[in-house]
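For this one, two forms of the same chain are given in structure tokens, first as structure 1 and then as structure 2.
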Structure 1
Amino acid sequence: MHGKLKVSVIGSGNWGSCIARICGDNTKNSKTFEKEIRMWVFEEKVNGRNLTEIINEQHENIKYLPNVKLPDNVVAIPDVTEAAKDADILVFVLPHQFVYKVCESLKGVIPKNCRAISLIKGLDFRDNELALFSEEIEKILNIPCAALSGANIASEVAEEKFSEATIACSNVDRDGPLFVELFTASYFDIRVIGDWRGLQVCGALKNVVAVGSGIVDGLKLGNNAKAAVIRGGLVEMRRFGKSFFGGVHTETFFESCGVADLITTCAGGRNRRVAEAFVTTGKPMDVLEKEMLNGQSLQGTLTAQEVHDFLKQRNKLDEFPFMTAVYRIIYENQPPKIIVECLRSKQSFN
């Protein structure tokens, strides 16, 4: 590569805007990266004006990350191909339902030596298989794609409260230092590992556990029961990764992308919050999602459905009683109290 590297952030929700802010601060005086960060914004009207215009004038995403100033070198662009054109690094941080359409539109736009990193948490269930988004991006665009995940509630990172994250890539020595330079801040610490599959399994499945945690909170069962849910969920997360994704390391579950992300999501994430309301109000999940999330999507319930379908086709539901219980409570109107029943020990000493 010649000259400084151009960085484009593909997505502009609360987490996308937060990450663009970190990247923008890091590229302002960088010898490695071009100063300007292009950020693709899905255009919508806010108070009768285009969101991109508001961001570029006020340097603030007033809808998804209000009251947080973005660096003036972060430029909002409504056309994704224009935002990604000639980029050396693509930072994907958008709702998973947009991934395939966006990637298809970027074919022929980005340079061959471009590389990407996915901040998308979730799995994609298609053709009876569960796909990882970094690998899907690699497949469509024919470029290497790393992944970033961690205990990162966007509002806390935006307030510059200390947080850590894990980056996983296939070529740690080549790409690790570059991503560390792009994403590290005094309040945002980065560790690099090679297990990109384990990292993304953790990032997807912790949302299912968080739904279970919210159910426990809605039932007012207390901290002991919540701890049991987190422990049982972590066991099934590890079992799932080891069973269905080659190369997953146990050590990954002890990184920020693993147990730390699981704890913070079960304590303060939106999946927990909406699941608690599901129990206390009796309203359907889709109604609560619209009422409580300001246009953001709920990942845990969708992932629970995808995991259930995947396990059912393989006759493996009995091996994952916790995740199966979450699915049955949300989609089959089973009583919420089964969330605890599924954790009871089945040990036998005969």
Structure 2
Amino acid sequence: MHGKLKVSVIGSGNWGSCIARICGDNTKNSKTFEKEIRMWVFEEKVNGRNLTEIINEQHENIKYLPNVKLPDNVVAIPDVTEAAKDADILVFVLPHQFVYKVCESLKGVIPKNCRAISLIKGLDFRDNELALFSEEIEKILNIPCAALSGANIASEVAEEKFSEATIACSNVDRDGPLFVELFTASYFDIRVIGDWRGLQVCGALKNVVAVGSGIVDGLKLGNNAKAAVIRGGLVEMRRFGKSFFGGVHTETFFESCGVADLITTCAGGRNRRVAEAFVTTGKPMDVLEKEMLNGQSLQGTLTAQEVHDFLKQRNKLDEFPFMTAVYRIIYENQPPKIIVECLRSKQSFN
């Protein structure tokens, strides 16, 4: 090994700051990693001061992760190429709309033997295909890119409450130990798998299932129906992964990125909550997004639409009655009760 590995975290929102904190704790006294973690911060003014300066002086991201101290070896940098330059490990943890622009700006800046890991949520529906962000990063930067996902409500991880996460990479033996060393904390347990596609499919589609479970809550259909919806959603997540992405394994759904993240997302979270209000108030989704999300788009309904368009173009709506029902309730004014009717067994022996 030629010296210690330099780690850069690209992104500094709620989750990015959480993760930079764990990485910083792990690199402080490490034989493997350079002590300093560079963290790219999209510069903005907070109380009249630059956010990067606040972070570097107070060691706290007062805007996105207030009241949580960051290790002082996490250094905020407003220029993304400066933050990523010479990095051996790049941790991408930023909103998906920034991914392409940021990656393009890093072309030629990062070393050839750099490795990346994506904590970006969702799939990218473009050119009639669903792209995985880890694979997009690989293509643009020509470096291997792993992915991390799990039942990880950021505020709980920040409070050091026990959580599990899954890391998936194509070369488990080579990259697994490194990522485990960088991301494990006493309160954050990592398991490594080889199925990076299944992991990212779960991370995106769980939000559609959460919308469905919010609809059940809005209808007050009870625990049996909610469990049926989560189950039906899980089955279709798995079917979707296996149908459209090579190498998706059933085992992945037994990991934190699979069933556990799904359970957490359907128990709480904004997708469930706004969908519940959609049923109980009868207000249109855009009105609810204004009222409840400050105008932000709900991820789960957006994904439901993208999945629907993707399936329709392939003539596969019939194989995904649950995902289709979510779409139709939200976008086509279908009655919410179809969320359970769509689950009914078509099993017939006659």
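Between two forms, the rigid core is the largest collection of C-alphas that superpose within 1.5 Å. These numbers come from a predicted model, not from an experiment. Start at 1 and count along the sequence of structure 1; that gives the residue numbers used here.
Quiz item: Between 1 and 2, where do we have the form predicted on its own?
Solution: The chain shown first - structure 1 - is the form that fits the description.
Quiz item: Looking at how the chain moves between structures 1 and 2, which of A304, C169, D261, L182 is the hinge point between its two rigid parts?
Solution: Checking the domain motion between structures 1 and 2, the hinge sits at D261.
Practice problem: Calculate, from C-alpha superpositions, the turn of the smaller rigid part against the larger part between structures 1 and 2, rounded to whole degrees. | Solution: Rotation of the smaller segment between structures 1 and 2 is 11 degrees.
Self-check item: Inter-form CA displacement between structures 1 and 2 at G295 - rigid core frame, Å
Solution: With the cores aligned, its C-alpha sits 9.0 Å away.
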